[in-house]
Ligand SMILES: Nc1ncnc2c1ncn2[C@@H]1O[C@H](COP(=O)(O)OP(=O)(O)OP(=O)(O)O)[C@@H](O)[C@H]1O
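A lone chain, given as structure tokens: the form predicted on its own.
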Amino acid sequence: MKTICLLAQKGGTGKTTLCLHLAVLAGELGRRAEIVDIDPQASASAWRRRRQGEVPPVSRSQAAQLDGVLADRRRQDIDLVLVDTAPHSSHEAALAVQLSDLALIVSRPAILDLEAIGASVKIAQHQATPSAIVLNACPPPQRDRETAIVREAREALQVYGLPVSPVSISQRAAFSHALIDGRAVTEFEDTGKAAGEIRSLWQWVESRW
């Protein structure tokens, strides 16, 4: 079983949204995927209540119980667990990172988000867990080229010494529309650009194992 922790000490990065879309795609690709929601806001759990069908399951948990939850999922032969963490809770986030195989630090490319990412990077670097940064809610590429703000964000993030995903996720309406009735973007608009970005990100994430 693989465990991915999605981390952002600043709110509003789209961390939960990214978690949901990745979990659904993993299921479409034949993985037994589950989301463990340790964020008190419980946005992933609210999405699950709107969703039709049984997969992917979303389990509520506290960080202190996460070790036991993951052990139980291993016994159930779950292939993938995505842990949605809470912002502004460094202790709980650190525990989730420690118990994961990969930590994905999610950030928007705006300057305030980039300045705030240091707290998440510090948490990740204090653990032995492989970590990487994903730029989310970016301006869409122009003529198949990333916009200047995304390129500049990549340059600014080099100071942290962590890999930055070559796949950035754009701010597209499909990401939000899909979640309204509990779907993910690959179900809402299978051949759309948003779905293509999620698939490309997943391929990159798998290459990190």
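Just so it is clear, the structure is predicted and the values come from calculations on it, not from any experiment. Don't overthink the numbering: it's just position in the shown sequence, from 1.
This protein has a second form, the form predicted together with the named molecule, left out of what is shown; the following refers to that one.
Under a 4.5 angstroms non-hydrogen atom cutoff, the named molecule in the predicted complex has P87 among its neighbouring residues. Interface membership of R108, defined by any non-hydrogen atom within 4.5 Å of the named molecule in the predicted complex, is confirmed. Of the heavy atoms in Q142, none are within 4.5 Å of the named molecule in the predicted complex.
Of the heavy atoms in I117, none are within 4.5 Å of the named molecule in the predicted complex. The stretch in contact with the named molecule in the predicted complex, judged by heavy atoms within 4.5 Å, is 175 to 183, chosen from 65 to 73, 51 to 59, 175 to 183, 152 to 160. Interface residues of 64 to 81, taken as those with a heavy atom within 4.5 Å of the named molecule in the predicted complex (partner not displayed), are absent.
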